[in-house]
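Just one chain follows, in the form predicted alone, and it is written as structure tokens.
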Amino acid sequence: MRFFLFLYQMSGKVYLIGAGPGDPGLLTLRGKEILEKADVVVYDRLVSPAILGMCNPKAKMVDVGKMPQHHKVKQSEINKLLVQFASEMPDGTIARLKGGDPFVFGRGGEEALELVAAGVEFEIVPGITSAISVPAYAGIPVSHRGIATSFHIITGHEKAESNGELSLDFETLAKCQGTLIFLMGIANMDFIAQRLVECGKDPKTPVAFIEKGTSPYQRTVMATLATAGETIARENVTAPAITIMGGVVELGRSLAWKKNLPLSGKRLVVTRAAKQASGITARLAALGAEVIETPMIETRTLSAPITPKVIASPRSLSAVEAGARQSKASVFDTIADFDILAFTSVNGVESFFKQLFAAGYDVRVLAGKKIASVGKITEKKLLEYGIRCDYVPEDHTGDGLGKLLASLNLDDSRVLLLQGNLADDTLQRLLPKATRWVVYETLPVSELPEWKREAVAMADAVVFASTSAVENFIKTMPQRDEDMDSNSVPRTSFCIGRMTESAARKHDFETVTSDETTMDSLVNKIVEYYTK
């Protein structure tokens, strides 16, 4: 025992995590918690990109995905790989991420035994198996009173070493009155169906093949035991798919719910900054879409506002900030010089108040000030801080805000603009005497991991909320796949605001623009586009 405890202390800890059937909402909280801190993630091909997106961005991502007839990495090599990572990282967190549940035909037991033999500490994090979740998403209960009082989970592709035939007891299975659930094995299903009929199972037994279960591309194909083989061929049923046999299959004709969601079958790329993407991601996912969060920009709140007349390089603010000698307190003392504070983004609001509070002030310094917002989203964010807006233009753009403030015929030297480093000169052109404070800087995401590039290339559309997101998307993603001579990014885009729309059109995107600059309006527009 002491020996094993010593080895445990000398190695990292391995977590065998079940990723569930594919829908990221079905990943357990424990699994998500570990992925967010993991140093290494060893993952299979059936793990959805949305779940990979939950992993620690600094983690080493290792794809060991296996496909039918093509094992990318042998199981024995995966076992050794886990031990290797654990030994190389004494304090490391190694996540082994597997589709479904690690112990339901996931070979998690083999990996765990290898870890035990090497004296590596490990933990099993169960996942929701596709055997029950995928039928549920197709409206098929695996048990139902009066129809099936048991269900049986069977592997459809494991063959006996002696003769190379499927190692299944067909006579026993044919006598089962409960639901039969075959995981994998679509390639063998014609043979399986024939053998079950030969052993006495009713050829009229309802059968359902469910492809890509719980994903936006889920498809259910109905058949009977007698027509299983010809149906697979005619409908081109392909892996990953599971097979359900029994009377409960008929319930799927009336209980199927997922296929009725308006965005079912769609993969959408959301390019908002990570901390802002969760709201729209949850809403789109609830409507049936698979959402790939792919932030194109990162924002960083500066320690204090900077008021440079000219910023030579939009990426050099750290140096500018470091050279600023003015204290935070003295900067905020000058707020008394202004009558109107104009906010042009949610990031500007959050950064301004973060700086204000850090300098020892609170919202009382805004007493008597008029507050202007570029649009409804920014207005809503201000309300979270207890600040109501006095001016919001009908045209939710910098141009609209500038024209509204200019129309007030006030001394524009008394206007303070709270912006980011990449803000254009629209407001200062319309309000030439206004003072600009740069309260945050926007940094482009320099590169994307290969798995995310592949996921983006297969998406149906991309969602843009800013011109900077559009521009960096173009820089980051290759626009054509040289091997296939085809577009490697979706060409349909959903945009917030006319400026974002203009930027997308400049790069030949088909654009669909929200009626208002709100997430509600954008989501409604996406639904309208796919249901018209």
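Because the structure is a prediction, the values reported are computed rather than measured. The first residue of the shown sequence is 1; numbering continues from there.
Missing here is the form predicted in complex with a small molecule; even so, the following discussion is about that form.
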property	result
Contact check for 105, 129 and 242 against the small molecule in the predicted complex, heavy atom at 4.5 Å	yes
The unique member of 375, 213, 420, 402 whose heavy atoms fall within 4.5 Å of the small molecule in the predicted complex	213
The unique member of 139, 99, 246, 288 whose heavy atoms fall within 4.5 Å of the small molecule in the predicted complex	99
Heavy atom of residue 462 within 4.5 Å of the small molecule in the predicted complex	no
4.5 Å heavy atom contact, residue 134 and the small molecule in the predicted complex	yes
The small molecule contact at residue 42 in the predicted complex, heavy atom, 4.5 Å	no
Contact test in the predicted complex: residue 46 vs the small molecule, heavy atoms, 4.5 Å	yes
Partner-proximal stretch of 179 to 187, 225 to 233, 330 to 338, 255 to 263 relative to the small molecule in the predicted complex, 4.5 angstroms, heavy atom	179 to 187
